[in-house]
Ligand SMILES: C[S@@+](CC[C@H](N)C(=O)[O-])C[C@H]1O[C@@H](n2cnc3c(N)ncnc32)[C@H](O)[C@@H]1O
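Take a look at this one chain, the form predicted on its own, written out in structure tokens.
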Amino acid sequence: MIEDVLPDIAESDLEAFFQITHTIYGYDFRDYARASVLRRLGTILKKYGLPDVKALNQRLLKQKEFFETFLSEFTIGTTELFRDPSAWVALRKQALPLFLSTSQIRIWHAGTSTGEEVLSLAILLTEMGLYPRAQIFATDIDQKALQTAPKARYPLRYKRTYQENFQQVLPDVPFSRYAYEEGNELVFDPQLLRNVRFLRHNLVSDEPFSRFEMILCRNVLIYFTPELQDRVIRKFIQALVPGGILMIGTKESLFWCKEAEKKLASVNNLERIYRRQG
């Protein structure tokens, strides 16, 4: 396997990039993992035929309407329905039953991207009879992704993968109960989103929400430095009610956060599901 080769970017140009995105647009990328930043910038330079980051900086300065397009490219949301099926099986069997007698279930899904994992959660809640009591706040930094998510429509080419994942998580439930084909799109039942609010939110700089029974933030922390991971996890812990559930990505870790050692107990460490203590 050939490893990704990081582009050679001048440190001064990189610092100028951080300054522009922070001071003009309000996005602080300085605590994003450096290798990830370089890799994303290299991809963007190639896509738009820009010779270097200095040229990208000039475009960001002169064409403010370009920033939303750039942001979507820079903060790629890698997602799919029931991504990492075994994690969703663990959530269904070990975490969601904890709320069977809870009158209201407030859920924060951070880094919702284009919405497939919000639909995954809504399907599980529906199958367990919990959806009427649930209120889901689905947030992301990317406005374009947030415009796609409420439509619950995806290219039909994704159907096979989504259906296979679905059947691993809910083997006795027909996929057609929640999705159908319409032209060249796979369309999900809009009722799955009736208790969902999609909101723009920056995990790095915006104030966290509070009083949640569950927080899901999968495959976002992996792009942050250890210091930023620590800050974000602390925000999540503060936002959870006692007994609340935190679920992160299967390739992510709470290793960097000392607060997590004190306040979170493992429900399923392999699948990265934890419960707030006290």
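One rule holds for the numbers: they count along the sequence shown, beginning at 1. In this text, all values refer to a predicted model and were calculated from it rather than measured experimentally.
Below, we turn to the form predicted in complex with the named molecule, even though it does not appear here.
Across the proposed site, Thr79, His109 and Glu117 without exception bring a heavy atom within 4.5 Å of the named molecule in the predicted bound form.
Contact annotation for Asn202: at least one heavy atom lies within 4.5 Å of the named molecule in the predicted bound form.
The shortest heavy atom separation between Ala239 and the named molecule in the predicted bound form exceeds 4.5 Å.
Heavy atoms of Thr148 never reach within 4.5 Å of the named molecule in the predicted bound form, leaving it off the interface. Interface membership of Leu56, defined by any non-hydrogen atom within 4.5 Å of the named molecule in the predicted bound form, is ruled out. This chain is displayed without the named molecule, yet in the predicted bound form the stretch 109-117 from 90-98, 182-190, 109-117, 164-172 comes within 4.5 Å of it by heavy atoms. Contacts between stretch 128-156 and the named molecule, counted in the predicted bound form as any heavy atom lying within 4.5 Å, involve Asp140, Ile141, Asp142, listed in sequence order.
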